[in-house]
Every structure is written in structure tokens, then in C-alpha cells.
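In the form predicted alone, a lone chain appears below as C-alpha cells.
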Amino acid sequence: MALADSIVRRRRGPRWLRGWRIVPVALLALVFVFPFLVMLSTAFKETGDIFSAPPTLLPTTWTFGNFAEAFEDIPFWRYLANTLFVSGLSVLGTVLSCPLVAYALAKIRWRGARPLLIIVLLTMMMPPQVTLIPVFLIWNGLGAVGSFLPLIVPAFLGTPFLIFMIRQFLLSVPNELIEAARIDGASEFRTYWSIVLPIARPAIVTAAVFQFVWSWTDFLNPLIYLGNPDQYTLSIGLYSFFGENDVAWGPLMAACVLFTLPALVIFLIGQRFFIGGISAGALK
């Protein structure tokens, strides 16, 4: 036992060297976190304190007036309700469609599985700029431009990346479990619902979190398809706030903090499922 411990310590290297390895990671993390810290501190600064020289990270005087001004200048609750509506239905569509397609590609033997998987992979590799105009023409021909349908319906038809991600997870599920359910007389849908879905919960939650963050932070699609200000999501609402108020940085940063918090909370809640999925994959 002592010999094994000494071999492990020798492979890891000296303690001071292991400590220095953390420094590059911490510096890289600081680079990514610093803009968020600036946004957060600016939200609590007074107007004269934002462009002080020399600049300071922490406010000289803490104020919550920027948040009150942000609520007064933009219809924040209406934009929030629109964003929750679009994001919630997009997540629902993803949870209903992507695991079903992934199961069909991973665990059901049928002649079209391989060509369909290739099509899914090809759509992942295609830049969205290529399909932007054709997709817009389709929705315009259907008379859906100016509504929430172009932002919601695609999620119910499946997202290629999320389908591929869930499929890769399902490949690690033992085929013996599915065969046992079929031998017991379970239908294909019953096998999918009772056996596969509970096992694939970490991958499904991960896909739901990805879809929520994408829908919550989406700027281009609402900008293209939504023309009525009453339908604006938070991303478009903040853009209009930016233009109408001649860059009122304090209220703008306060609104950005409120815009960022839900996505951050959802990610933190789903983080344990990410870890659970990694652990489950390693165990299998």
C-alpha cells in the first residue's frame, strides 16, 4: 500500500509543482470571468463613478438606482415573459423530440438509420448563415413571420447537435436491458419510456440546459422574425434600450445582470447532471 502511494505521488510530482499547475488555469478563468465582474460592478455604480480615472473595479458608492431606472425605461416584465415563453417551449420541444430520434438512431435497427445519421451530421456541419435566407423564405411563405412560431417550432423538430449528443450517450446503454424488456413483451415505446429515458436523464437534462441557454440568449432569430415591440425578447429589448437611452451604462448593465442571472441559475442547477452523466459514462 505504501509502495502504491509513493508511486502515485511520484507520478503527480512534488506538491509545489502541483500547486503551480493551478496558476495558468486560474489566470485563464479570470480572463473569462473579468467581463462579468465589470458588468456586475458597473450595475451598482453611480453615473459619475463609471468612467472615473483611474478606473476602479468596485463602486465607490453602491447604488440600486440603476435597477430601478432599468425597470422604468423598458417593459422588463413583458420582455421577460416573452423570453420565458419562447425558452420554455423550446426546452419542451427539445425534450420531446431529441431523445426519441436519438433512441431510433442508437438502439433500433432499421434500414434508414445510417443515412439519417449522416444527414444529422451534415446539418451540424452546415453554417447557419447558409440556411438563414431559405429558412426565412419558408416561414414567410407560411405566414409565420411576425410570430413566435419560427423561434419555437424548430425545437419540436429536433436539434442536430443535441440528437447526436444524446445518441452517443445511449450507445453506452447495455443492449441487454432493452432486449430483456422486449422479451417481457414491452412495446418499443414502453421500452423507450420506462427503460431508456430514466437512464438517459443526465444527457436529456444537459440537452435541456443547452437549449434553454441558446433560446434565452438568442439575438439573431428574434431580430429577424419579431417585428412587434410587444413580442420582443430580452435580448432585443436590451438592444432597443441601448439605442433609446443614448448608452446609459449603469441601467444597461443592471438590465444585463438581470438578463444573465436566469441562464446562470439554470446552468448551476443542471451542473450536477453534467457530472452525473460523466460518472455514468465512466462507470459503464
Partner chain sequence: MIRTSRGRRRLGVVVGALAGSALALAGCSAPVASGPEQITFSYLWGGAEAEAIEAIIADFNASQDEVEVTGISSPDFQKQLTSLSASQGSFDISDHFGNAVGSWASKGILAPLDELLAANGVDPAGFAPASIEQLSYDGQIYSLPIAVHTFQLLYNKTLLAEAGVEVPTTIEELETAIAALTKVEADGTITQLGLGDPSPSTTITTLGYAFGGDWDADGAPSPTDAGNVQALQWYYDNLVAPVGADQLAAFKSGLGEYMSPEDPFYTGKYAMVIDGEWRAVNIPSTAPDLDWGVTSIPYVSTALADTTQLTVSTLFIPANSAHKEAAAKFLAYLVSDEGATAFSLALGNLPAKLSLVGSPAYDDIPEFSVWLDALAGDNVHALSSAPYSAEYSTDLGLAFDEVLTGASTPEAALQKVADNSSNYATE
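Positions refer to the first chain, counted from 1. Just so we're on the same page, rigid core means the largest C-alpha set that superposes within 1.5 Å between forms. Note that the structure is a prediction, hence the values are computed from the model and not measured.
The next section is about a form of this same protein that is not shown, the form predicted in complex with its partner chain.
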| item | value |
| --- | --- |
| In the predicted bound form, Ile183 touching its partner chain (heavy atom, 4.5 Å) | no |
| Its partner chain contact in the predicted bound form: Phe161, any heavy atom under 4.5 Å | yes |
| 4.5 angstroms heavy atom contact with its partner chain in the predicted bound form for Leu89 | yes |
| Touches its partner chain in the predicted bound form: Phe219 (any heavy atom, 4.5 Å) | yes |
| Its partner chain in the predicted bound form - contacting residues of 132-163, heavy atom within 4.5 Å | Leu132, Ile133, Val135, Phe136, Leu137, Trp139, Asn140, Leu142, Gly146, Ser147, Leu149, Ile152, Val153, Pro154, Phe156, Leu157, Gly158, Thr159, Pro160, Phe161 |
| C-alpha of Thr47 moved at least 2 Å between this form and the one not shown on rigid core | yes |
| Rigid core superposition, Thr217 Cα moves 2 angstroms or more between this form and the one not shown | no |
